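Encoded as structure tokens, the following chain is the form predicted on its own, with no partner shown.
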Amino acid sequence: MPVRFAAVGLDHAHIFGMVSGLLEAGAELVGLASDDPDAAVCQQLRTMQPDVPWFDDAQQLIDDPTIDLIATAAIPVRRGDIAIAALEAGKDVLTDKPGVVTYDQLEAIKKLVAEKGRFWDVVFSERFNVRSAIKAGELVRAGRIGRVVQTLGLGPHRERDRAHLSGGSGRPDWFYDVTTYGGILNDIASHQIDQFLWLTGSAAGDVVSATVANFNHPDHPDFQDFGDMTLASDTAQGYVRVDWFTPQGLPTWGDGRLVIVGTEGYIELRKYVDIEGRPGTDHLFVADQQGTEYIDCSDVELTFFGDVIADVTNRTNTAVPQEHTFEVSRLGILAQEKATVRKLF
């Protein structure tokens, strides 16, 4: 029998990739529900999945004993509550990032994961869905650049990206309210926190310093369009910069970059675009003691969603270790808490 899943909370366009990834891995989508059925993302997903039943009451799906997994890309502040309800009902959970926006939500989820024997996976797509990032991890594990001592992660995004607007006229109101989206460091920078811990082999970390700012949104005074932080673990350092300043002229939503510094060399990724060079995505460069190399990552296998399905079926934890997800989430909330706030308006 295929793994049966429902999508509950359809507010962010990341739900498209989550649903398609699970379907491609062999799961069966059996229901849709959301607090705001008029949201552009919700409307588009219902158009894309016209044969999947719609439920006005999401709790019907959460309580259905034949459903194994709940996937959510709700408004960030709602994701934690949806996950808690799903875990209480004995479901596994796959959530868009950030999975939580408060410590209370995180602690409740930790408790339920332990009590119910279920998992709570956050989709850190800038690693799980990026072939060059997977390849970089393989090279690090093979010792190509020695011991990793620092990562530099850059995550610029485009505010008015057409794919994320899903046919809507603009970003919804919740996107600009820090109490509903959780802040730029907890949101976007969760990807870079994930990669820092993963690439340095760190089980835990700390936020040394952090800043959030509103440099260019006078009409939305609570919005954060820039954030940076310095991370540390027992063995390594990390720097993160995220922002909403990707120009319309760039042919993709953001020029995501990652530099991994090791004791014997370094790796650099241009994940989504080489602005005046090679076409396509996943540009990986290595410099080590023997020289430099460009590596084609097009044949790297992406296994995350297949691993999630296997974890549901086999009661394993192969897609992403649960403690790692907890620590990434804790550090994201901590970064927001410790951040110096700069407001120009």
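Here the structure is a predicted model, which means the values were calculated and not measured. Residue numbers run from 1 along the displayed sequence.
Heads up, the form predicted together with a further copy of the same chain isn't pictured, but that's what we're talking about next.
Note that among 130-138, 67-75, 86-94, 269-277, the stretch whose heavy atoms approach a further copy of the same chain to within 4.5 Å in the predicted bound form is 269-277. Proximity of Gly155 to a further copy of the same chain in the predicted bound form falls outside the 4.5 Å heavy atom cutoff. Heavy atoms of Thr180 never reach within 4.5 Å of a further copy of the same chain in the predicted bound form, leaving it off the interface.
Using a 4.5 angstroms threshold between heavy atoms, Ile82 stays clear of a further copy of the same chain in the predicted bound form.
In the predicted bound form, at least one heavy atom of Phe285 sits within 4.5 Å of a further copy of the same chain. Each of Phe226, Thr230 and Tyr239 is positioned with at least one heavy atom within 4.5 Å of a further copy of the same chain in the predicted bound form. Contacts with a further copy of the same chain in the predicted bound form, taken as any heavy atom within 4.5 Å, map within 230-264 to Thr230, Ala232, Ser233, Asp234, Thr235, Ala236, Gln237, Tyr239, Arg241, Asp243, Phe245, Pro247, Gln248, Gly249, Leu250, Pro251, Asp255, Arg257, Val259, Val261, Gly262, Thr263, Glu264.
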